[in-house]
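Only one chain is shown below, in structure tokens, and it's the form predicted alone.
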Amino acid sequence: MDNDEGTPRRLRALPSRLTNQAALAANRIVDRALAEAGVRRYHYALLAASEEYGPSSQAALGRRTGIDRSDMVATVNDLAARRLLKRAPDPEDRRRNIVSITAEGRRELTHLDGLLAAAQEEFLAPLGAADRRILTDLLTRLADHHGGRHD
């Protein structure tokens, strides 16, 4: 976080700027953790959504994760090549693919959960348990108010 004396007081007092700086730090920490496993945030999001919601169309997964259609195709292709997801024609509409997580994908997701838990710990290190709960609640309320996707 930017707390040097050279930063103008007005900037240090803007919640939007502080939130952005914290988000940049969080993204760096998370990206570094996921890179240890050779994946990116989109990979994790797809595995998590597939595990939670079960077999789904690529379009439904895109809506649930906020991943753009063009990025979705590349990410599904990558995860399918790694045998973490499988893709099959939808029996009701053969023009559409149904994506589901594999057993190997579930094992990888568990591994990634551990990496992300450590990343969250690193990011939230200066905060105690109560402050972490409060921060999460406040961020959830802001995201809900502004229509952000956080689920």
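All residue numbers are counted from 1 along the displayed sequence. Keep in mind that this is a model prediction, so the values were computed, not measured.
There is another form of this protein, the form predicted in complex with a further copy of the same chain, and it is not shown here; the text below is about that form.
Remark: all three candidate residues (R12, A26 and L127) come within 4.5 Å of a further copy of the same chain in the predicted bound form, counting heavy atoms only.
Of the candidates V39, A49, A33, L85, A49 is the one whose heavy atoms come within 4.5 Å of a further copy of the same chain in the predicted bound form; the others do not. Among residues of the shown chain, A45 is one whose heavy atoms approach a further copy of the same chain to within 4.5 Å in the predicted bound form.
Residue contact check for D68: none of its heavy atoms lie within 4.5 Å of a further copy of the same chain in the predicted bound form.
At least one heavy atom of Q120 is located within 4.5 Å of a further copy of the same chain in the predicted bound form. a further copy of the same chain is not shown here, and in the predicted bound form it never comes within 4.5 Å of any heavy atom of I98.
Contacts between stretch 120-144 and a further copy of the same chain, counted in the predicted bound form as any heavy atom lying within 4.5 Å, involve Q120, E122, F123, L124, A125, P126, L127, D131, I134, L135, T136, L138, L139, T140, R141, L142, A143, listed in sequence order.
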